[in-house]
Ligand SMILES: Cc1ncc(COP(=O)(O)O)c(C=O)c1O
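Read the single chain below, which is given as C-alpha cells and is the form predicted alone.
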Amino acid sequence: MAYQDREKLARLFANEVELFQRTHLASRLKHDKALGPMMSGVPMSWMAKWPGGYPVYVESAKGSHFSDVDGIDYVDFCLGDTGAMVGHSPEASVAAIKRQLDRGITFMLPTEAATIAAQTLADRFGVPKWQFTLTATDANRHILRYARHVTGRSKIVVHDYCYHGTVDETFANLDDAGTTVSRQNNIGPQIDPAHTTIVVPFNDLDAAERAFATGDVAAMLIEPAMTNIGIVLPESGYLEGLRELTRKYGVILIHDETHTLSEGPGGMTARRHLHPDAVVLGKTIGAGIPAGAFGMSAELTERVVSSLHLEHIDVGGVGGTLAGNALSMAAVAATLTQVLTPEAFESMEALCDVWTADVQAIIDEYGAPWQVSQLGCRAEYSFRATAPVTGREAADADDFELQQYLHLHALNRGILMTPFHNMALMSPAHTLEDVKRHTEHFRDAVKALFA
C-alpha cells in the first residue's frame, strides 16, 4: 500500500472536503439544480468522480487558467484530459472557428482546411493518407474495421490495462492465469471480449508473438506509451520489436497517439522514428472542437481503396454525417499550423521538465515510496517506488483514497488535475509561475502525509 496511515489520510481528506464545500457554495447550488434533470447531476457519469462531493462549475477559461462561479482562479493541468492541451480558446483557433461559423458549419462536402490539416499531419507523422472523424474512439473503430476487412481476420491485440476510448474490443484484461477476460466494471459488454481480443502485457514481445502466431489477428492497437493507467514507458527495443513481429505475421500495427502526442508534433511515431501502418489522433487537434483523425500508410491505403465498392461505402460502418465537418476542419487546420507548433512543444516540454524535477525532489525529501514518469509535455507521479513496466504494475499501485486527497488538496489551492490519475499536462500558455503553484501545493500535501 502506497500510504499506511489510513486514519490520518481519512482525517486529512475530511478536512479538505469541509474546506471545499465551505468555499464552493455557488458550484453547490448549480449542482443541486442539475440533480433534477441529469443522472448524478452531471452530463456524463464520469464527471461525478471529481473529489469534494460535487464538481466545480467554470465561469470562463483562457490559456492555462480558468475561473469558477465562486470567483476562484485555477491553474489547469488537466486541460480536458488533453482535449484542451493547446490551452483554453487559443486566439488563432478561435478566429478560424468564428470565421467558419459565419460561412457554414457542416456540408457533407470537403473543405480546403481539411487538405491543410491532412498535409500537416502527413508531414509530421510520415503517414501519407488521412481521414477525419469526430473522436479518437471513432477513428479507432474505423481503422480496426479496415484492418479486419483487408486481412480477413477477426481478432485484435491490445495491451493489458489499455485505454482506447469506448472501443468495445479494448475493454479486456488478463486475469491471474493470463487469460483474456472482460475488464472489471465493463458496462454492458455486447460480447465476451475473449471472442474478439487477445490481451498481452506491455513490454512483452514473447507474449505478442504468441498472440500473432495464432493466425487470427488482424491488428494490434497500441499506445506507444501507456497513459490512462499512469504513464508506462516502452523499454528499449520494444516498439521496434513489435513492428518486426507485426510485419512477420501480417498484422496491421496501429499507434493510438491521442495522448502520446504530448511527446512532440509527430508524437512518439516521429520522435522515435517508428513506422506503424496507421496512426490515430483525437481531442487535442481541434482545440476543443470535436475532432479525430486516422492516417494510413500508402500500402494500407491501397489495400483498403482497392477492396471497397463506391456504391456501398456509405453504409459500411466507417464514417458519419458530421465526420470531417467544415467547423471541425477549420479548427484542426488552424490549431495544427498556428498553435500546436514545434516551437510550442519545446516550451511545453521544458516546463514539464521543471514540474517533474520539482515533484520528484519533494518525493525524495519526504521519503514517499513514489516516482514520476514523463512523456514530453506530460508527466505523472505513481504510488510505487520504481517506474511501472506493465499496465498491471501501474494498476496494482493505484490508491483511490490517496489520489482523491491529493486532487482535492490541489483543487482547494487553485490547481486542477485530471480526476482519473495523477497527470499534469503543459499547454503553450503555461508559465513557470503556474508550475511553481503546483510545487507549493504538492509539498504541503506530501508534508501533511509524511512529516
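Residue numbers run from 1 along the displayed sequence. Please read these numbers as outputs of a predicted model, since none were measured by experiment.
Below: the form predicted together with this ligand, not depicted.
Undergrad: With a 4.5 Å heavy atom cut-off, would you call Thr137 a contact of this ligand in the predicted complex?
TA: Yes, Thr137 sits close enough to this ligand in the predicted complex that at least one of its heavy atoms falls within 4.5 Å.
Undergrad: In the predicted complex, is there a heavy atom of this ligand that lies within 4.5 Å of any heavy atom of Tyr163, even though the partner is absent here?
TA: Yes, contact at 4.5 Å.
Undergrad: I'd like to check something about Asp277: if you look in the predicted complex, is any of its heavy atoms closer than or equal to 4.5 Å to a heavy atom of this ligand?
TA: It does not: once this ligand is placed as it appears in the predicted complex, Asp277 has no heavy atom within 4.5 Å of it.
Undergrad: Is Asn228 one of the residues lying within 4.5 Å of this ligand in the predicted complex, judged by heavy atom distances?
TA: Looking in the predicted complex, residue contacts with this ligand include Asn228, since a heavy atom lies within 4.5 Å.
Undergrad: With this ligand left out of view, choose which of Lys129, Arg183, Lys283, Arg153 has a non-hydrogen atom within 4.5 angstroms of it in the predicted complex.
TA: Of the candidates Lys129, Arg183, Lys283, Arg153, Lys283 is the one lying within 4.5 Å of this ligand in the predicted complex.
Undergrad: Considering non-hydrogen atoms and a 4.5 Å limit, which listed residue (Glu349, Glu380, Glu169, Asp81) is close to this ligand in the predicted complex?
TA: Result of the distance check: Asp81.
Undergrad: For the chain shown here without its partner, which stretch in 190-198, 102-110, 266-274, 137-145 has non-hydrogen atoms within 4.5 angstroms of this ligand in the predicted complex?
TA: Going through the listed ranges, the match is 137-145.
Undergrad: Taking this ligand in the predicted complex, which residues of 196-227 have any heavy atom within 4.5 Å of it?
TA: If the 4.5 Å heavy-atom criterion is applied to this ligand in the predicted complex, 196-227 yields only Glu223.
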